[in-house]
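Just one chain is shown here, as structure tokens, and it is the form predicted on its own.
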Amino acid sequence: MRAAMITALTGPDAVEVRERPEPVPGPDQVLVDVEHAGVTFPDVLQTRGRYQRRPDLPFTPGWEVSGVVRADAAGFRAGDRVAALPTTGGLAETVAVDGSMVFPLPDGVPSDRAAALPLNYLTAHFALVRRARLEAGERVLVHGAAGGLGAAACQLAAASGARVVAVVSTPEKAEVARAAGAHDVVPVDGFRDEVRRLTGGRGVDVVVDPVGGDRFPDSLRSLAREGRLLVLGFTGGEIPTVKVSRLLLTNTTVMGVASAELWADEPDLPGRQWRDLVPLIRSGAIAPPIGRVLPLQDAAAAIRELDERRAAGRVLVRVR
């Protein structure tokens, strides 16, 4: 089979498409013939050896896919259309996935959108529902709102009855955020002042932050009393620090969101989350915005799109 492979830890340009043996599924694994694969920020980090999981070189990245089950396994039947979270190996024609990370697709969901659902929407669901315990009527500020995780957070927060303020860096990304359900869109520069204006000085109840970096202090200052700041990653490249006196004075909370680590401890959790999402998928309340779709031979260019922060909407790889 053909697969994209990271051949050196020097960035996206070291990704090559090669022939490699098909995977042999282990116990309770499902063999999926991949149609589309989503490109995610962990893929970018893995091309430089900066992600916590560091398989031996060469290896195939790819965290989320859509496709067709090849053979009966783990409660799935041959021919079932599924989305799946392999966490690695997805940028290939076939991948073996733990049964707990394979999810049945509702009728009518196209393969490209299906590939953009698992990682970001399950992570956003975990962040907003389990960690933040978001309630209808609350205000949510979302950084990186045109990216895959940010757009998912916008859609899920809006579907939960929250008022969503999106932070973006370009007019094009502003349109993506609005399409994802953001009620208000503000630029990165000066977002704290805009939040203060939009909320009458009160601030927001929840901040969704997959970016970190130098905007983190103003995110804290954008919280209302008893607000919650969700740390989902550091695409800005820097891990910020917190002056805890700020948390004390405003009764605010900074909380980590490490979904993959919890899924490893609670393997039945992703399936329960998926069942919560299915009605929203069927209704169209959540539908990932698709930016570019590139063929498998251009996998390096797809990863580079994220690395250079040019993506507006999801970047996908078409495998079949």
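Everything numeric here is computed off the predicted structure, so don't read it as measured data. Each residue number is its position in the shown sequence, starting from 1.
The same protein also has a form predicted in complex with a small molecule, omitted here; what follows describes it.
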Candidate from Val140, Val211, Ala114, Ala182 lying within 4.5 Å of the small molecule in the model of the complex - any heavy atom: Val211
Residue (of Val254, Leu45, Ile281, Val69) lying close to the small molecule in the model of the complex, criterion heavy atoms within 4.5 Å: Leu45
4.5 angstroms heavy atom contact with the small molecule in the model of the complex for Ala300: no
Proximity of Thr123 to the small molecule in the model of the complex, heavy atoms at 4.5 Å: yes
Touches the small molecule in the model of the complex: Pro86 (any heavy atom, 4.5 Å): no
Partner contact for Val188 in the model of the complex: the small molecule, 4.5 angstroms, heavy atom: yes
The small molecule in the model of the complex: contacting segment from 98-106, 198-206, 143-151, 157-165, heavy atom within 4.5 Å: 143-151
The small molecule in the model of the complex reached by all of Phe41, Ser169 and Arg215, non-hydrogen atom within 4.5 Å: yes
